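First, one chain by itself in structure tokens, the form predicted on its own.
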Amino acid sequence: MGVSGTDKAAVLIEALPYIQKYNGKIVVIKYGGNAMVSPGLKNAVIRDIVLLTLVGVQVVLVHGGGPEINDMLKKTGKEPSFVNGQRYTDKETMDIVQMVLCGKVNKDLVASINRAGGKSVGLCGLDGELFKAVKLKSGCELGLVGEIKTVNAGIVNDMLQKGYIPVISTIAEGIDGNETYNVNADIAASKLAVALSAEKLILLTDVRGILENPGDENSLIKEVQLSAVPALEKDGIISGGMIPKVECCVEAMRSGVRRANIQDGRVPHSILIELLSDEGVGTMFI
């Protein structure tokens, strides 16, 4: 049985205060994982973004593209290489990262948004000196992986003021030489959200959020106080690949972003559920 007109009206009425809350505000969404490779989920994300724009939300989409990079590396006969879960990026790999992220993935997303009725423009970290970085210093050698030092959000603000949806790929201009660097998309989204004074940062991932029991997806922690994060890390509740995502949210909020969310990109329309409903989704930092 279809949804009745009354039920549809109730959904719109529930959304009204959230539309008013976010109207004219900037929301930065980091997009990656299964939500990018599944056609159905990708279509849902694109439609969510277009709808939000039509009701006055200024959406900035920051994307990754790991699976596409791996595919292209393999086509060239080069095996992807990872060190402690992070991509090792030599010069040849960096060329492919730049080609795939700034070319195919970015422009495919721009075209998808335009076909869905939005107005989008593709940017990378080199455009307008958006991201400047130095080589990341870590406990292991990662090659041409960068640490963002400055964000020049002017070009993004210009696009937003002209009514465009900026779609941003995460490479950066080196300021410690003539190299171009591969940078982590979660970190790039967090730093951009701060530079834009965004109302909200959303990190789409492949789990529901922070789980009290990492093996039980029904143990979702819906809200986390920033002050509680160290204890959750100490207890092992925040661990592994979730640690850098949480740190991105914490840094963003301590630097002026009002709200941050880690949520499941595998849930169709999770962006709308989080922003425009009482239900919400994922883990929200408060």
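Throughout, we count residues from 1 along the sequence that is shown. Everything numeric here is computed off the predicted structure, so don't read it as measured data.
Heads up, the form predicted together with another copy of the chain isn't pictured, but that's what we're talking about next.
Undergrad: Name the residue from Q98, N184, T205, T89 that puts a heavy atom within 4.5 Å of another copy of the chain in the model of the complex.
TA: Residue within 4.5 Å of the partner: Q98.
Undergrad: G122: heavy atom within 4.5 Å of another copy of the chain in the model of the complex?
TA: Result yes; G122 sits at the interface with another copy of the chain in the model of the complex.
Undergrad: Check whether I26 has any heavy atom within 4.5 Å of a heavy atom of another copy of the chain in the model of the complex, and answer yes or no.
TA: It does not: once another copy of the chain is placed as it appears in the model of the complex, I26 has no heavy atom within 4.5 Å of it.
Undergrad: Quick one: does E173 come within 4.5 Å of another copy of the chain in the model of the complex, counting heavy atoms only?
TA: Close contact exists here: in the model of the complex, E173 approaches another copy of the chain to within 4.5 Å, heavy atoms only.
Undergrad: Test of understanding: in the model of the complex, would N178 fall inside 4.5 Å of another copy of the chain by heavy atoms?
TA: Yes, N178 sits close enough to another copy of the chain in the model of the complex that at least one of its heavy atoms falls within 4.5 Å.
Undergrad: Counting any heavy atom within 4.5 Å as contact, can you tell me which stretch out of 141-149, 207-215, 81-89, 155-163 lines another copy of the chain in the model of the complex?
TA: Among the listed stretches, the partner-contacting one is 155-163.
Undergrad: Output the sequence-ordered list of residues from 6-33 with at least one heavy atom within 4.5 Å of another copy of the chain in the model of the complex.
TA: Contacting residues: T6, D7, K8, A9, A10, V11, L12, I13, E14, A15, L16, I19, Q20, N23.
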